[in-house]
Structures are given as C-alpha cells and as structure tokens.
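Consider the single chain below, provided in structure tokens and representing the form predicted alone.
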C-alpha cells in the first residue's frame, strides 16, 4: 500500500471513529459503540472505504496497549491485593461457566467433540480493553469492581492460554504435558514477578527516579511498556497483559503522575484505531440466514450469561452491586475471541458456518457490552 493510501485510510478511520464516538456520547451512549459502528460503516462490509491492513492493525495494537498501560498507571498493587480472592474466583469461574456452556450448546447442535471444545474456548476469552475504556469515560475506573476486573482479566488471560493449549492438543490429537507445565510456569512467574516485586523495586528506588527529568522518565516508560508487551506475547499471553503490568510497576513512582497526561494524549490518538478496526469485522449480512441468526443468538446468550454468572459468584462477597458490575465487566470478547475462532478455523476443526457464528457472537457480545456496563454501573451513584 502506498504512503498516501495509508494516510488516507488513517484519516478516514480516525475521523469516522471520533465523529461517531462523539455523536453517540451526546445522547448518552458510550463512545466505544460509536467507534465500533464507524468501523462497520466505512469497512469492507458496507461502504468498502477501509480495508484492514498491517498498518492499521499495528496502530490498533498500539492503541489497546496504551489503553491498558494507562489503566495500570491508575492502579496500585495494594489495591489489587485487596481484591485478590474475588479476582481469582472471578477468573476461574469466568472460565469454567462459559467453557462448559459453549461445549454443551455445541453438543445440542450436534457438532463433534473437537468443534465443541473450540466453541467453549472462544467463549472463555475476555477483552478488558472495552470495559476499561467505558469505565474511564464515565468515571467508574476507581470503583472496587474495576480493580477486581483488572486483576481477574490478567488471571483470565493465563487460564485462557492454558485452556487453548490443552484444547488445541486434544483437537489435533497431540498431548505434551511438559509443554503445558512449562507454559503455565512461565506465565505465572511473569505475572507474579511484575505485579508484586516490580512495584516494590520502583518504590525503593524512588530517590533515583525523582532525579530524572520528565522527558527521560517518559522515554524509559515507553521502552518498558513496549518491552513488556513484547515479552508477554513471546510467553504466549496477550500484549495488553505486559503493558498493564508495566503501568502497574510505574504507578508507584510519584513523579510519574506529572507525565500521565502525555499518555492520555497518545491514547486519544491511537485507541480509536483499535475499536474502529474491530468494527470493520462486523458483517450484518451474515445474520440474514435464520439458522445462523438463531445459532448466534443462542451462542451470545451462553457467552454473556457464562461470564456474568462467573463474575457475580466470584465477587458476591463484595456486595450484589459490585458483583453485578464485575459480571458485566468481564463480558466483552473483542479481538481475543476472534483470534481463538480464527485458530480453530485454520486448524480445520470448525466448519465455515460455525466459524461465522462464532465471529458474529464475539462481535455481538462486544457491541452490547458498553451498554450493559453503563446500565449496571449507573444503578449505583458515585
């Protein structure tokens, strides 16, 4: 793609995402929904103006990495430790219920075992980027439920990674226990070290960091954010896990609060590309087939209810309202679910019609999530 074409694509997608985001915000609808809609309108399914490309995918990836880095900056390890038990329960139950529900609904439709395993795995994934964006937009990011969601999302990613590895091996007729054990050790060690020891190290070196200029500290933070995002991907986790942990480590540096506005500006530019590009996958014409539509609706109910129940039961000791907030906050699937469904299709484990239904389910749960999150969180003021 020529440079001028890339710039035109960037201009159109960014402008459309911001415009629709602002328009919907005016009538009380989360801007995320507008950005998703903008992507659908200018994308290949409708106006055919925007075609997903490597450049746009890179911009989108940077957008969600910065979004979760910002979330990490606004969180402190002490706050996460306070919600450790409900976060663990939320993550575990939030994997079990959707997976079991997806597996058995696949059996209900008469699909083979391997296909059902991947259906359940697709329902397991959580894309916390959408939740965080909505919570930040409406001023709910400081609530206890937001802390539980963030901590649970990290654990959810580890569990989802292991489930995917196991399901892939079973579906392809391969079993490597040692590989799974090493994968689990790497993922858990990475998260535990950065979430517990990392912040303590930066706290003890506060004198050193206070002597650095804001510009130099900003440059170091960019290196840390991107470096940990890459490392997380290499381990097999999502890049957003690494970027969130980078923000969590730097949240202990008081001097860092003076340059947080720089990251908000970066996020303001890059984040619309993430949600806009996600919207380009929306294909409403796929729902014209009645059988597909029924399947998508049933899949979506299972996917939504599974996460809702898992989050609710996992956090119920924090109160019913908080439990509801956690439940809806864990619903979005986003790009994570699309990747899992794509892997299943590439392995020739799921048929094309099931793949289409899974993609539609992931996107539908993503579209309705901002509305559910806003509604549930507005039940309690403050």
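Residue numbers count along the first chain shown, from 1. On a predicted model such as this, the values are computed, not experimentally measured, just so you know.
In what follows, reference is made to the form predicted in complex with a further copy of the same chain, a form of this protein that is not presented.
Please determine whether each residue of 6, 54 and 265 possesses a non-hydrogen atom within 4.5 angstroms of a further copy of the same chain in the model of the complex. Answer is yes for this spot.
Given the stretches 106-114, 79-87, 122-130, 218-226, which is the single one in contact with a further copy of the same chain in the model of the complex, using a heavy atom cutoff of 4.5 Å? Among the listed stretches, the partner-contacting one is 218-226.
Heavy atom within 4.5 Å of a further copy of the same chain in the model of the complex - residue from 331, 350, 38, 65: Looking at the other structure, the residue within range turns out to be 65.
Candidate from 188, 92, 100, 230 lying within 4.5 Å of a further copy of the same chain in the model of the complex - any heavy atom: Answer to the contact question: 230.
Do residue 270 and a further copy of the same chain come within 4.5 Å of each other in the model of the complex, heavy atoms counted? Flag for residue 270 set to yes.
Distance check, residue 368 to a further copy of the same chain in the model of the complex, heavy atom within 4.5 Å: Although a further copy of the same chain is absent here, residue 368 would stay clear of it in the model of the complex, with no heavy atoms inside 4.5 Å.
Taking a further copy of the same chain as it sits in the model of the complex, is residue 59 near enough to touch it, meaning that at least one heavy atom pair lies within 4.5 angstroms? Although a further copy of the same chain is absent here, residue 59 would touch it in the model of the complex, with heavy atoms inside 4.5 Å.
Is residue 234 one of the residues lying within 4.5 Å of a further copy of the same chain in the model of the complex, judged by heavy atom distances? Flag for residue 234 set to yes.
Stretch 6-31 - residues with a heavy atom within 4.5 Å of a further copy of the same chain in the model of the complex: Heavy-atom contacts to a further copy of the same chain in the model of the complex: 6, 7, 8, 10, 11, 14, 15, 18, 22.
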